[in-house]
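Form predicted on its own, single chain, as structure tokens, below.
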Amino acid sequence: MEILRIKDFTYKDILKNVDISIEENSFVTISGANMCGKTTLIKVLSGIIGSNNVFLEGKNISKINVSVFHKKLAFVIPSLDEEFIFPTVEKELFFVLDNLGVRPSVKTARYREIIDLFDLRDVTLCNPNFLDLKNKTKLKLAMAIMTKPKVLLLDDICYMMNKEETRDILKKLKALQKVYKMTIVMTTSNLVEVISSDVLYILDKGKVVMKGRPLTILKKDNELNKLGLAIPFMIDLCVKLEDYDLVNKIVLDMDLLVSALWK
């Protein structure tokens, strides 16, 4: 069932006749080289850039009550300029729980669960405005997940995270998607991050030029290279090994790949 749709949308010289349908409970990634229009597109989907061409659960988002809209859809974008209200991470998170009306008897357990999930335990007493970009992003993710939105929009969420942190965040998001039956739409220019997706869209100069399963698209290395997208070595290697029936999935860790081949 379709939950989010942008229909035949053109915006300035950035997006051109974009038509994307996103299914409920799916994990969708929008990728492309820098300046291809993916950040603008996700801002349109989030309502930050106004449009009459975006529909949430079949309703034009311009006609949905703002408070209702923000309960159903959350948007996270990494930014050092974000200003938080409270002097500590702990107070910021408890404020969200208070607004959600979480019962006092379960509030502390929910708080502990979320700080453990996003590895925030060491910064709970820090001023969130003074955190680095990585921890600010994790905090914003934690706050968004607490509201249990139907749709979670993420713009280049793993920016400034290392390989291990990126892998961990994507693993958490995939698990949360299943637990909360959440639809996730994520942008990235790093093709390592698309593996978790159910559907991958590739943009070029504001147009959708490719759509399909990530593994199917990643096999088109010549086309992707022409679009300015570099296929990471491990993905390229696994795709080629799959053609010889030596592996049946993408393995990003070299030691694990060697073990798989040895078996």
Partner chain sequence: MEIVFEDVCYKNFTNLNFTIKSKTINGISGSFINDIFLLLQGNEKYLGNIYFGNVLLGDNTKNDYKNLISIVPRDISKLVFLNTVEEYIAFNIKYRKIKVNDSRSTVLNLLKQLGLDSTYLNKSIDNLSISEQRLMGVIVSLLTNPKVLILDEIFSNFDLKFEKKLMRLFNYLIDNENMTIILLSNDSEMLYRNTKHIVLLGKDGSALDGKSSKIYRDIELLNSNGVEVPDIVLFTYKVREKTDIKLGYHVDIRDLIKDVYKNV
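Rigid core: the largest C-alpha set superposing within 1.5 Å between the two forms. Since the structure is predicted, the reported quantities are computational estimates derived from the model, not experimental observations. Numbering follows the first chain given and starts at 1.
Keep in mind that the form predicted together with the partner chain is missing from the display, and what follows is about it.
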Quick one: from 64, 215, 237, 210, grab the residue that has a heavy atom within 4.5 Å of the partner chain in the predicted complex. 237
Contact between residue 39 and the partner chain in the predicted complex at 4.5 Å, heavy atoms? yes
Is there a heavy atom of residue 122 lying 4.5 Å or less from a heavy atom of the partner chain in the predicted complex? no
Can you tell me whether residue 94 touches the partner chain? I mean in the predicted complex, with a 4.5 angstroms heavy atom cut-off. no
Hey, in the predicted complex, is residue 1 touching the partner chain, heavy atoms inside 4.5 Å? no
In the predicted complex, does each residue in the set 102, 106 and 109 place a non-hydrogen atom within 4.5 angstroms of the partner chain? no
Given a 4.5 Å cut-off on heavy atoms, tell me which of 65 to 73, 29 to 37, 195 to 203, 51 to 59 is the interface stretch with the partner chain in the predicted complex. 29 to 37
What residues in 213 to 227 sit within 4.5 Å of the partner chain in the predicted complex, counting heavy atoms only? 226, 227
Once the core is aligned, please say if the CA of residue 190 is shifted by at least 2 angstroms between this form and the one not shown. no
Residue 16: CA shift of at least 2 Å between this form and the one not shown after core fit? no
C-alpha of residue 174: shift of 2 angstroms or more between this form and the one not shown, rigid core aligned? no
With a difference of at least 3 Å, the CA distance of residue 168 and residue 256 in the predicted complex shows the atoms farther
With a difference of at least 3 Å, the CA distance of residue 166 and residue 253 in the predicted complex shows the atoms farther
